[in-house]
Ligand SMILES: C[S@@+](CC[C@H](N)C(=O)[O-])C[C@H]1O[C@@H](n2cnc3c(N)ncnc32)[C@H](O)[C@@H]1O
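This document starts with one chain, in the form predicted alone, laid out as C-alpha coordinates.
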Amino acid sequence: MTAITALRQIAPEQAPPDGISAAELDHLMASVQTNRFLPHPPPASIFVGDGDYRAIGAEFLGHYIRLGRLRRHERILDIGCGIGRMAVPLTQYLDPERGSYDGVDPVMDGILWCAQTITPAYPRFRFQRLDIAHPLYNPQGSLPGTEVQFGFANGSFDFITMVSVATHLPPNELAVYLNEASRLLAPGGRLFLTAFAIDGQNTGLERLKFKRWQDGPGWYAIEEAPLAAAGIETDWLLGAVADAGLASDGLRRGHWRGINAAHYQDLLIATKPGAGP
(Lines give C-alpha, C1' and ligand atoms only; values in the text may rest on other atoms or scores of the structure.)
Protein backbone atom coordinates (compact mmCIF):
# COMPACT_ATOMS: atom_id res chain seq x y z
CA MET A 1 0.00 0.00 0.00
CA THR A 2 1.25 3.47 -0.84
CA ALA A 3 1.43 6.23 1.76
CA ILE A 4 -1.99 7.21 3.10
CA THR A 5 -3.02 10.45 4.77
CA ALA A 6 -4.04 9.65 8.32
CA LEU A 7 -6.34 11.10 10.97
CA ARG A 8 -9.10 12.44 8.76
CA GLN A 9 -11.91 14.33 10.45
CA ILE A 10 -15.20 12.48 10.99
CA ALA A 11 -18.30 13.87 9.34
CA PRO A 12 -21.09 14.55 11.87
CA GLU A 13 -23.54 12.40 9.88
CA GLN A 14 -21.20 9.41 10.29
CA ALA A 15 -21.01 9.35 14.07
CA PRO A 16 -19.19 6.28 15.45
CA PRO A 17 -21.15 3.39 17.00
CA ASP A 18 -21.07 1.99 20.54
CA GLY A 19 -21.45 5.33 22.25
CA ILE A 20 -17.99 6.59 21.32
CA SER A 21 -18.09 10.23 20.26
CA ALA A 22 -16.27 11.69 17.27
CA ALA A 23 -13.91 13.50 19.65
CA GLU A 24 -13.19 10.28 21.56
CA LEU A 25 -12.44 8.47 18.32
CA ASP A 26 -10.07 11.25 17.23
CA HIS A 27 -8.31 10.92 20.59
CA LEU A 28 -8.10 7.13 20.25
CA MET A 29 -6.59 7.39 16.77
CA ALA A 30 -4.05 9.96 17.97
CA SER A 31 -3.10 7.86 21.00
CA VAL A 32 -2.44 4.82 18.79
CA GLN A 33 0.24 6.85 17.04
CA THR A 34 1.91 8.17 20.19
CA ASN A 35 1.65 5.26 22.64
CA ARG A 36 5.24 4.03 22.88
CA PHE A 37 4.14 0.88 24.72
CA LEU A 38 2.20 -0.52 21.76
CA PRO A 39 4.00 -3.22 19.74
CA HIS A 40 5.90 -2.00 16.70
CA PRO A 41 7.94 -4.25 14.40
CA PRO A 42 11.51 -3.35 13.47
CA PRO A 43 11.39 -0.96 10.50
CA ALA A 44 13.41 -3.31 8.28
CA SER A 45 10.85 -6.10 8.76
CA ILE A 46 7.79 -4.16 7.57
CA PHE A 47 6.86 -5.65 4.20
CA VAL A 48 3.31 -4.30 3.89
CA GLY A 49 4.01 -1.17 1.85
CA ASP A 50 5.16 2.41 2.21
CA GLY A 51 3.83 4.93 4.64
CA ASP A 52 3.99 5.23 8.40
CA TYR A 53 3.08 1.88 10.01
CA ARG A 54 1.40 3.41 13.06
CA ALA A 55 -0.34 6.28 11.24
CA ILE A 56 -1.90 4.01 8.62
CA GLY A 57 -3.09 1.60 11.30
CA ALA A 58 -4.68 4.49 13.19
CA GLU A 59 -6.34 5.77 10.04
CA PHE A 60 -7.92 2.40 9.29
CA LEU A 61 -9.08 2.00 12.87
CA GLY A 62 -11.07 5.18 12.24
CA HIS A 63 -12.41 3.85 8.93
CA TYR A 64 -13.41 0.53 10.51
CA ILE A 65 -15.37 2.29 13.24
CA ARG A 66 -16.80 5.21 11.29
CA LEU A 67 -17.55 3.59 7.91
CA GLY A 68 -17.58 -0.13 8.75
CA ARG A 69 -19.62 0.39 11.95
CA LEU A 70 -17.25 -1.88 13.84
CA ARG A 71 -18.34 -2.49 17.43
CA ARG A 72 -16.17 -3.40 20.38
CA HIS A 73 -17.72 -6.83 20.95
CA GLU A 74 -17.42 -8.07 17.36
CA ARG A 75 -15.37 -10.92 15.93
CA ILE A 76 -12.88 -9.79 13.28
CA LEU A 77 -11.07 -11.72 10.56
CA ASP A 78 -8.17 -9.87 8.93
CA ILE A 79 -7.36 -11.54 5.61
CA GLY A 80 -3.83 -10.49 4.67
CA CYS A 81 -2.93 -9.33 8.19
CA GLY A 82 0.74 -8.87 7.26
CA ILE A 83 2.83 -7.84 10.23
CA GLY A 84 0.00 -6.53 12.38
CA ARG A 85 -0.53 -3.03 11.03
CA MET A 86 -4.31 -3.29 11.56
CA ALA A 87 -4.14 -5.61 14.56
CA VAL A 88 -2.07 -3.30 16.79
CA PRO A 89 -4.56 -0.39 16.84
CA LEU A 90 -7.49 -2.79 17.20
CA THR A 91 -6.02 -3.98 20.51
CA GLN A 92 -6.95 -0.55 21.87
CA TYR A 93 -10.59 -0.74 20.74
CA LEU A 94 -11.94 -4.28 20.95
CA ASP A 95 -13.51 -5.44 24.20
CA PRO A 96 -10.87 -7.71 25.80
CA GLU A 97 -13.51 -10.22 26.95
CA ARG A 98 -16.07 -10.23 24.13
CA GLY A 99 -14.30 -8.98 21.02
CA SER A 100 -11.83 -11.15 19.10
CA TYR A 101 -9.43 -10.91 16.19
CA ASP A 102 -8.01 -13.57 13.87
CA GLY A 103 -5.37 -12.69 11.31
CA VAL A 104 -4.22 -14.85 8.40
CA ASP A 105 -1.38 -14.27 5.95
CA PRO A 106 1.01 -16.29 3.76
CA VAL A 107 4.18 -14.52 5.00
CA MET A 108 5.66 -16.50 7.88
CA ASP A 109 7.84 -13.69 9.26
CA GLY A 110 4.83 -11.45 9.79
CA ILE A 111 2.77 -14.18 11.44
CA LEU A 112 5.63 -15.12 13.78
CA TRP A 113 6.17 -11.52 14.86
CA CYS A 114 2.45 -11.05 15.55
CA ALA A 115 2.09 -14.36 17.40
CA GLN A 116 5.16 -13.73 19.53
CA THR A 117 4.56 -10.03 20.21
CA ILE A 118 0.82 -9.30 20.12
CA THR A 119 -0.85 -12.53 21.30
CA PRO A 120 0.98 -12.81 24.67
CA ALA A 121 -0.33 -9.37 25.68
CA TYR A 122 -3.71 -9.72 23.94
CA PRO A 123 -4.70 -13.41 24.01
CA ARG A 124 -7.91 -12.88 22.00
CA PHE A 125 -5.73 -11.79 19.07
CA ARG A 126 -4.69 -14.89 17.16
CA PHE A 127 -2.59 -15.35 14.03
CA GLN A 128 -2.02 -18.20 11.61
CA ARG A 129 -0.12 -18.67 8.41
CA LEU A 130 -1.88 -20.01 5.34
CA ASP A 131 0.51 -21.43 2.77
CA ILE A 132 -1.19 -19.75 -0.19
CA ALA A 133 0.90 -19.48 -3.34
CA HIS A 134 1.57 -15.94 -4.50
CA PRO A 135 4.30 -14.89 -6.95
CA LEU A 136 5.38 -11.94 -4.78
CA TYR A 137 4.63 -12.89 -1.18
CA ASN A 138 4.88 -16.69 -1.15
CA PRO A 139 6.11 -18.09 -4.49
CA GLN A 140 6.67 -21.59 -3.09
CA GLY A 141 3.23 -21.83 -1.50
CA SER A 142 1.50 -25.19 -1.63
CA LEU A 143 -2.11 -24.00 -2.02
CA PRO A 144 -3.24 -22.31 -5.25
CA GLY A 145 -5.17 -19.10 -4.69
CA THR A 146 -8.20 -20.56 -6.47
CA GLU A 147 -8.43 -23.29 -3.81
CA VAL A 148 -8.29 -21.07 -0.73
CA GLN A 149 -10.40 -22.17 2.21
CA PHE A 150 -10.02 -20.46 5.54
CA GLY A 151 -10.17 -22.86 8.45
CA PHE A 152 -13.13 -21.37 10.29
CA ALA A 153 -16.75 -22.46 10.59
CA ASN A 154 -19.55 -20.79 8.66
CA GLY A 155 -20.73 -17.55 10.26
CA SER A 156 -17.69 -17.23 12.54
CA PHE A 157 -17.17 -13.48 12.09
CA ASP A 158 -19.01 -10.18 12.29
CA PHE A 159 -16.42 -8.15 10.39
CA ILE A 160 -13.93 -9.23 7.73
CA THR A 161 -11.28 -6.84 6.49
CA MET A 162 -9.32 -7.19 3.25
CA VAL A 163 -7.11 -4.10 3.10
CA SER A 164 -4.86 -4.06 0.02
CA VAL A 165 -5.57 -7.73 -0.72
CA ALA A 166 -7.69 -7.35 -3.85
CA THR A 167 -4.87 -5.14 -5.17
CA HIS A 168 -2.60 -8.22 -5.31
CA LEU A 169 -4.99 -10.86 -6.68
CA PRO A 170 -6.13 -11.87 -10.17
CA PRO A 171 -9.92 -11.85 -10.69
CA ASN A 172 -10.43 -15.62 -10.45
CA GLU A 173 -8.73 -15.73 -7.05
CA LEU A 174 -10.50 -12.61 -5.80
CA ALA A 175 -13.84 -14.29 -6.55
CA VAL A 176 -12.84 -17.22 -4.32
CA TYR A 177 -11.88 -14.86 -1.49
CA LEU A 178 -15.23 -13.07 -1.77
CA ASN A 179 -17.14 -16.35 -1.56
CA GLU A 180 -15.12 -17.40 1.46
CA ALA A 181 -15.79 -14.04 3.13
CA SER A 182 -19.51 -14.50 2.56
CA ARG A 183 -19.39 -18.01 4.03
CA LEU A 184 -17.56 -16.82 7.12
CA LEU A 185 -19.73 -13.78 7.86
CA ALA A 186 -22.64 -14.07 10.25
CA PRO A 187 -25.94 -12.45 9.17
CA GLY A 188 -25.52 -8.70 9.42
CA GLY A 189 -21.72 -9.01 9.23
CA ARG A 190 -19.70 -6.70 7.00
CA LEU A 191 -16.87 -7.12 4.53
CA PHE A 192 -14.50 -4.13 4.41
CA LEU A 193 -12.46 -4.28 1.19
CA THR A 194 -10.08 -1.90 -0.55
CA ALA A 195 -9.25 -2.05 -4.25
CA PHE A 196 -8.11 -0.15 -7.30
CA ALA A 197 -11.48 -0.14 -9.07
CA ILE A 198 -11.28 0.69 -12.78
CA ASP A 199 -14.44 2.46 -13.89
CA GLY A 200 -13.44 4.74 -16.75
CA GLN A 201 -13.83 7.87 -14.64
CA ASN A 202 -10.28 9.03 -15.25
CA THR A 203 -9.10 12.37 -13.91
CA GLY A 204 -5.72 12.42 -15.65
CA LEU A 205 -4.16 12.82 -12.21
CA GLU A 206 -4.07 9.14 -11.20
CA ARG A 207 -0.95 8.11 -9.30
CA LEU A 208 -1.04 4.72 -11.02
CA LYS A 209 -1.59 4.14 -14.73
CA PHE A 210 -3.35 0.85 -15.31
CA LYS A 211 -3.48 -1.29 -18.43
CA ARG A 212 -5.92 -4.11 -19.11
CA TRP A 213 -4.67 -7.55 -18.17
CA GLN A 214 -5.29 -9.76 -21.22
CA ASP A 215 -9.03 -9.70 -22.08
CA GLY A 216 -10.52 -10.02 -18.61
CA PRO A 217 -11.62 -7.61 -15.88
CA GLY A 218 -8.14 -7.42 -14.32
CA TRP A 219 -5.75 -4.49 -14.88
CA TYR A 220 -2.11 -3.95 -13.92
CA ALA A 221 0.06 -0.91 -13.25
CA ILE A 222 3.49 -2.60 -13.23
CA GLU A 223 4.01 -4.73 -16.32
CA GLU A 224 6.94 -6.77 -14.99
CA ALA A 225 4.99 -7.64 -11.81
CA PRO A 226 1.23 -7.44 -12.52
CA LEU A 227 0.18 -8.50 -9.02
CA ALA A 228 2.25 -5.78 -7.36
CA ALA A 229 -0.59 -3.33 -8.10
CA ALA A 230 -3.65 -5.04 -9.57
CA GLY A 231 -6.79 -3.21 -10.57
CA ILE A 232 -10.24 -4.67 -11.12
CA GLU A 233 -13.16 -3.41 -13.18
CA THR A 234 -15.78 -1.83 -10.94
CA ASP A 235 -18.77 -3.59 -12.53
CA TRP A 236 -17.03 -6.96 -12.25
CA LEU A 237 -16.17 -6.33 -8.59
CA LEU A 238 -19.71 -5.27 -7.68
CA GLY A 239 -21.09 -8.26 -9.58
CA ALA A 240 -18.71 -10.69 -7.84
CA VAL A 241 -19.70 -9.29 -4.45
CA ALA A 242 -23.38 -9.79 -5.30
CA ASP A 243 -22.71 -13.29 -6.67
CA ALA A 244 -21.07 -14.13 -3.33
CA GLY A 245 -24.33 -13.26 -1.58
CA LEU A 246 -23.32 -9.89 -0.15
CA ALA A 247 -25.10 -6.55 -0.46
CA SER A 248 -22.75 -3.70 -1.31
CA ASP A 249 -23.46 -0.13 -0.25
CA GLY A 250 -21.52 1.18 -3.27
CA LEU A 251 -17.94 2.15 -3.92
CA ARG A 252 -16.14 5.04 -2.21
CA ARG A 253 -13.47 6.37 -4.56
CA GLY A 254 -9.95 6.84 -3.16
CA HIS A 255 -7.39 9.58 -3.62
CA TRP A 256 -5.09 7.40 -5.73
CA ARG A 257 -7.26 8.84 -8.52
CA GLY A 258 -6.01 12.37 -7.86
CA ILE A 259 -9.24 13.41 -6.14
CA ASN A 260 -9.92 14.54 -2.58
CA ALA A 261 -10.83 11.49 -0.49
CA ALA A 262 -10.40 10.18 3.04
CA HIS A 263 -8.57 7.01 1.92
CA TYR A 264 -6.00 6.12 -0.73
CA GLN A 265 -7.52 3.02 -2.33
CA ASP A 266 -11.17 2.68 -3.28
CA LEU A 267 -13.32 1.29 -0.47
CA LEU A 268 -16.24 -1.11 -0.61
CA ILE A 269 -18.34 -2.27 2.33
CA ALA A 270 -20.75 -5.17 1.80
CA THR A 271 -23.17 -6.77 4.25
CA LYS A 272 -24.29 -10.38 4.70
CA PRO A 273 -28.10 -10.33 4.50
CA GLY A 274 -30.04 -11.20 7.60
CA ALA A 275 -30.56 -9.80 11.05
CA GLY A 276 -27.43 -8.73 12.89
CA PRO A 277 -26.71 -9.33 16.58
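From 1 onward, residues are counted along the sequence shown. In this text the structure is predicted, and so the values were computed from the model without any measurement.
This next part talks about the form predicted together with the named molecule, which is not shown.
Query raised in the report: Any chance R124, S156 and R190 all have a heavy atom within 4.5 Å of the named molecule in the predicted bound form?
Result: Verified in the predicted bound form; spot residues all out of contact, no.
Requested in this report: Have a look at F152, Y93, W113, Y137 for me and say which one sits with a heavy atom within 4.5 Å of the named molecule in the predicted bound form.
Outcome: Of the candidates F152, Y93, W113, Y137, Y137 is the one lying within 4.5 Å of the named molecule in the predicted bound form.
**Report entry** Residue (of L178, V88, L169, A197) lying close to the named molecule in the predicted bound form, criterion heavy atoms within 4.5 Å
**Finding:** None of the other options qualify; the answer is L169.
Query - Among 113-121, 181-189, 98-106, 197-205, the region lying within 4.5 Å of the named molecule in the predicted bound form by heavy atom distance - result: One stretch meets the cut-off, namely 98-106.
Query raised in the report: Heavy atoms within 4.5 Å of the named molecule in the predicted bound form: does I79 have any?
Result: Yes - in the predicted bound form, heavy atoms of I79 and the named molecule come within 4.5 Å of each other.
Report task. Spell out, yes or no, whether the shortest heavy atom distance between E173 and the named molecule in the predicted bound form is within 4.5 Å. Result -> Because a heavy atom of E173 falls inside 4.5 Å of the named molecule in the predicted bound form, the answer is yes.
Query raised in the report: What residues, if any, in 147-164 have a non-hydrogen atom within 4.5 angstroms of the named molecule in the predicted bound form?
Result: Going through 147-164 in order - heavy atoms within 4.5 Å of the named molecule in the predicted bound form - the hits are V163, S164.
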